[in-house]
Ligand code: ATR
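There is one chain below, alone, in structure tokens, taken in the form predicted alone.
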Amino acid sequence: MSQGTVAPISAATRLCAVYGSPVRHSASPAMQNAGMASLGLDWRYLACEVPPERLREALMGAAAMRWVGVNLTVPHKLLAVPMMDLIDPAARVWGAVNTVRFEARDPSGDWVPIGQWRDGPIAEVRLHGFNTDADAIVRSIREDLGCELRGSRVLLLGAGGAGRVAALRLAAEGVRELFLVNRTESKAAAIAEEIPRLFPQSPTQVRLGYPAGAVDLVLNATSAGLRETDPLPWDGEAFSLGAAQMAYDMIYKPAETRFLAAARAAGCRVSNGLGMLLYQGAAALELWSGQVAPVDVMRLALFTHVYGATR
């Protein structure tokens, strides 16, 4: 599949972006711009450093400038929820927004995604929040590791925005036991209390702290590993990675974090978060454009950008 021809920027070019802090490491622009070109869209995708205290202003500015949409990464996914005019039911369940679609009201009163707006001035815009992370997590784990989550034992490291979404999604999948570890235990405890309330039919038993015995999967949902100087995300004295069959790190750059290197050395099957990034980004592009995302093109662009090779 061709990546398409990138048209020159013109007065008709529309914009999208990822907001984060930090955001310079993001591979989303490479992936999304390749996907947009393949679909023949006269769009460009940027990465914008937005501190959390300026998120509302940044969202309102993009809406005022009639952008198509934005993705949100650390630390904005939880902060954005009360800033939305409308929240997709799934995003409301997961309690986090990673994709915002700007929508305009047409003369008949219907709301139309700005990316699908055809002609005429736009008078009124609303912010529609979605979460494309949750499904991307489980799809990537299944495809990259061959892990069947239902009935499994999972150790989840981190209870921030990404960790909370992962915990809820794993419970929805029906993991048998979910062990939550977080630097601030109260955050993990809050998630443990929330899961049976949101998913009363789920068989998942949620426990705080490290497991005694083997687990099927260790999932790192912390940001520890983005920098070489970061501490390891787990306590090696409390839990040995040799007791896990598989390890997944949501971080994708570097390709192999210290956590994944240790897991590989311990005999685990390992995967980083590039697949999660791919699938959440493809879903966001579909929400904005109304077209099927060119996943193969986007995957190729990601591998080339992040690893310097097509793999």
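Heads up: residue numbers just count along the shown sequence, starting at 1. Just so we're clear, the structure is a prediction, and the values are computed from it rather than from any experiment.
The following text describes the form predicted together with this ligand, which does not appear among the structures shown.
Think of it this way: in the model of the complex, this ligand has a heavy atom of just one of Gly115, Gly129, Pro211, Gly160 within 4.5 Å, and the residue is Gly160.
Proximity to this ligand in the model of the complex, defined as a heavy atom within 4.5 Å, holds among Arg176, Arg207, Arg92, Lys187 only for Lys187. This ligand in the model of the complex is approached by Thr222, whose closest heavy atom lies within 4.5 angstroms of it.
Residue contact check for Arg183: one or more of its heavy atoms lie within 4.5 Å of this ligand in the model of the complex. At the 4.5 Å threshold, heavy atoms of Pro107 stay clear of this ligand in the model of the complex, well away from it.
At a distance threshold of 4.5 angstroms between non-hydrogen atoms, Pro231 is in contact with this ligand in the model of the complex. Listed stretches are 236-244, 160-168, 146-154, 93-101; the contact stretch with this ligand in the model of the complex is 160-168, by a heavy atom cutoff of 4.5 Å.
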